[in-house]
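Here's a solo chain for you in structure tokens, the form predicted alone.
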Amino acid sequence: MNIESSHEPSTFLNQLIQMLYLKAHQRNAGIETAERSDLIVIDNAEDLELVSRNPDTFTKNYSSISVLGTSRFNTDGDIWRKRKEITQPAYNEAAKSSRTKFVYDVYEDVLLKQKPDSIAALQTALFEASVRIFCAAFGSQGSPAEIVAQIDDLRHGLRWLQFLSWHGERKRELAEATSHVTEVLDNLTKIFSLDDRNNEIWKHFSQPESEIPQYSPIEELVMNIFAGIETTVATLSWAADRLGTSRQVQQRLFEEVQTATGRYDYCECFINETMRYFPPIPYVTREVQQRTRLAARVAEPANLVLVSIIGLHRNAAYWSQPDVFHSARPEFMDNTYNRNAFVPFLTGPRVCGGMRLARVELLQGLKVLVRHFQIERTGDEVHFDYTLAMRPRDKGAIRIVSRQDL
């Protein structure tokens, strides 16, 4: 078994995503579907609000990434609050309007230098740009190309671990995937701790070692990179995928960007619709700690609750024509959408801490894309690549061309 070449995890995880899309479609059609008694799938705003507002009753369940250790993203209570303070001030500062031009310039610099011509090449460029912005938020120049290569390698191991979390004990595969992830974490530790360009970020993440029990700088740092960058790369990749379906949409976005009025209503709507249609985090799981009544059933202790972001974003109770991608969706253009039915960054006290920075990156990254590139899609079939975040898989259907070469 070779965890880098085997297609078994990818096939299973992509089928899981397809199942969530199918379930949402069946719900809209009034078709009842059966589910496991110990796994509760929720896709309505009322249950989501209950789950998100009661983190002590519905605790995080991230067994699939436990090999990455402990971080802000898989802890609860006071420890979570302490870990949040490691990064939150930096995220808030990086999202200020005074930093917007810097974010735009980074995306423009990387994309114009690399001139990506495919979704795979675009994802590499987007990841490098986002890594540079992430490192800069903590005062470092970073070493983006090396970090991108290691994080991309890490995704192979995490894909296997996510797959194994659904399939019980498969000891040999689990040992290989764990070894693979451990090796990459060691490589990343060297990159961050020994490279002078990363001094400030390593120092920042090393400071809490004496304050938080069993704290590891590399574990906290890597999970913040994943959480802060994967979703941005995924959303901009899906945006490129959707741009390829319509020259008219690209032209309208291009004209809005070129007018430079400071208002980007259509761009913002397009980004929102992309995240609604293809949520970068398609679902999250929570473990029930005490008996609680949900809309359709009672959740018992030890039950797993799968919050289907896909199902919520495709629920006909909240969206008109939910299975249609509408670049100028009225709910977004008119600002009438249900806030509890659109949660690409989740909601409640555990809402994504990097949401504001992500929003800045998504708008500036999209502006660079539509200003400097044209995108064509040669087919209608959509392929998923799911590991922690859901990206489009490159099957050669997307052609990206620099406007300078037209």
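Each residue number is its position in the shown sequence, starting from 1. Everything numeric here is computed off the predicted structure, so don't read it as measured data.
What comes next is about the form predicted in complex with a small molecule, which is not displayed.
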| query | finding |
| --- | --- |
| Candidate spot Pro280, Leu346 and Arg350, all three touching the small molecule in the model of the complex (heavy atom, 4.5 Å) | yes |
| In the model of the complex, the residue from Trp80, Tyr215, Phe254, Phe332 that sits within 4.5 Å of the small molecule by heavy atoms | Trp80 |
| Residue (of Ala120, Val284, Cys267, Ala136) lying close to the small molecule in the model of the complex, criterion heavy atoms within 4.5 Å | Val284 |
| Region of this chain that lies against the small molecule in the model of the complex, out of 338-346, 367-375, 47-55, 23-31 [heavy atom, 4.5 Å] | 338-346 |
| Gly228 within 4.5 Å of the small molecule in the model of the complex, heavy atoms | yes |
| Any non-hydrogen atom of His204 within 4.5 angstroms of the small molecule in the model of the complex | no |
| Proximity of Arg72 to the small molecule in the model of the complex, heavy atoms at 4.5 Å | yes |
| Partner contact for Ile42 in the model of the complex: the small molecule, 4.5 angstroms, heavy atom | no |
